[in-house]
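Just one chain follows, in the form predicted on its own, and it is written as structure tokens.
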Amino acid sequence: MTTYFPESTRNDLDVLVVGYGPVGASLAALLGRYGVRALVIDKMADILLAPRAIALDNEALRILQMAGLTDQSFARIGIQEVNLHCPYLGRFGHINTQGTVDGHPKLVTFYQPDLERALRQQVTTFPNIQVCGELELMDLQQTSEAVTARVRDSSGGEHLIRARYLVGADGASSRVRSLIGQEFQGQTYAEDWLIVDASRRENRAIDHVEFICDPKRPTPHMPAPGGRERWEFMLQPGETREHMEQTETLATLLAPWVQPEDLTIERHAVYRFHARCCDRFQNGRVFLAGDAAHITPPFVGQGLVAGLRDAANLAWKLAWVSQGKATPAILDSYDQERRPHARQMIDLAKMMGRFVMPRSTGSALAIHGFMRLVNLIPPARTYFEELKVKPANRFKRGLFCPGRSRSRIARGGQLAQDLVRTDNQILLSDDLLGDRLTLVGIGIDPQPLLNASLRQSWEAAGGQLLHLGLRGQPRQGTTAFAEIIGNGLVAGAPKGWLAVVRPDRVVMHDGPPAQASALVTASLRMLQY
């Protein structure tokens, strides 16, 4: 990250991103792919190495795929199961995380510095994205046309940066959130935890995630890439940060798993877990993303995942407005779509916290015993084991046509991803969708269904056409074509079906071929093009 601040970047920007953690870097990579002129600033000069996020689900991996990362971009471990243990009743809960969803593992652990390096490397490939470290935001002012930010460099000098839009991805203590009057309100769900990462655990670390739900000391425990293993210990009343971070305390806490002579502590820190959400993710031309907008306890591994969802949802909308492909009104849909789901995930994490952190032996026996009884009922057991308790990332309001067609494609939800075959290779279908709006024909070529004038309007709005043929169906015409290999894309749609898909893979509209012109026209109207 450069600390050089070229004058040319200060007044010719579409977007200023404040914060260069994983959410800010993902946003920058997506803006880079969409061709947006953006500057990213951060008060730090380099990546933080303190223990932080460790888990990603299939949705997060799909967003990272959109940002340009591959399976080889950073190391990860596929987690096949999550177990919940009670010291009095044994295992009372099990979550099946085997297999894949939309072409990605259901759950992986990772090493956050590796992910951040991969994202930052991806950002460097875009000449339209500039990054400057050691710049701290001091103040911001909005007009009807732009946002002007006052920043301070490491030598104390102050500068003004003008951009059409500003995104605060500056973490839980967000300066941007404070400046736009969106400080977290009400009570939080604060708990202090000691996070310990041990290294040199090759062939000795566990191969799954376990939650030891002991009222005396709740302890999540999991492996991580690079021969690492993590434990999280809840602090009890009266325990201090200084005491918990002492070498002797660490050795005592880890004694059930690691002998002192085998112990190599890589990182440790005491964090306070919160459950908070802003009342609004937007104020005029300023937006909040990631922990700046919402803080999720880590018990369902959704903290960073929620921030990546923010980045995917917001980036393309900023791009389309900045490039004149849509009117600024579409930006209101960011808060409409993202805030309700972020709140749902916080509520889920709080519920999981009640399982993990029973306050007494009596509450542990009651809660964990109830869960063991529930698991005796097959439908209820499946509901929990297959993570159906997790709120679906499907919007109730936003930038899509409400209602349902006679297909099982969910408007306001993401189009499934599956393997497809082109003339030269087998790849995931998102890689064909690329960075544009797409009219997808499943088992039918959409091009002959639109007249030339409507196709021209669609292309001017950043749209493209894609024919996904059924297995064994030959190419017809000149439309971009791929053969569907799996069942994920066809399971929800009748033969010969159309879907209008946003760059974040959300379905704007869908319907039969006879409605092709109406689908495209309605989608253009939503963009107010």
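Everything numeric in this text was worked out from a predicted model, so none of it was measured. In case it trips you up, residue 1 is the first one in the sequence shown, and so on.
One more form of this protein, predicted together with a small molecule, exists but is not displayed; see below.
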Which of 276-284, 132-140, 319-327, 416-424 lies within 4.5 Å of the small molecule in the predicted bound form, heavy atoms considered? The stretch 132-140
Within 4.5 Å, heavy atoms only: does M44 come near the small molecule in the predicted bound form?
yes
Report yes if any heavy atom of G511 sits within 4.5 Å of a heavy atom of the small molecule in the predicted bound form; otherwise report no.
no
Does P218 reach the small molecule in the predicted bound form if we count a contact as any heavy atom within 4.5 Å?
no
is_contact(R230, the small molecule) in the predicted bound form, heavy atom dist at most 4.5 Å:
yes
Are V23, Y271 and G301 jointly within 4.5 Å of the small molecule in the predicted bound form, each by at least one heavy atom?
yes
Proximity to the small molecule in the predicted bound form, single hit among L449, I79, I161, I195 (heavy atom within 4.5 Å):
I195
Could you work out which of T97, N393, Q182, Q112 is the residue within 4.5 angstroms of the small molecule in the predicted bound form, going by heavy atoms?
Q112
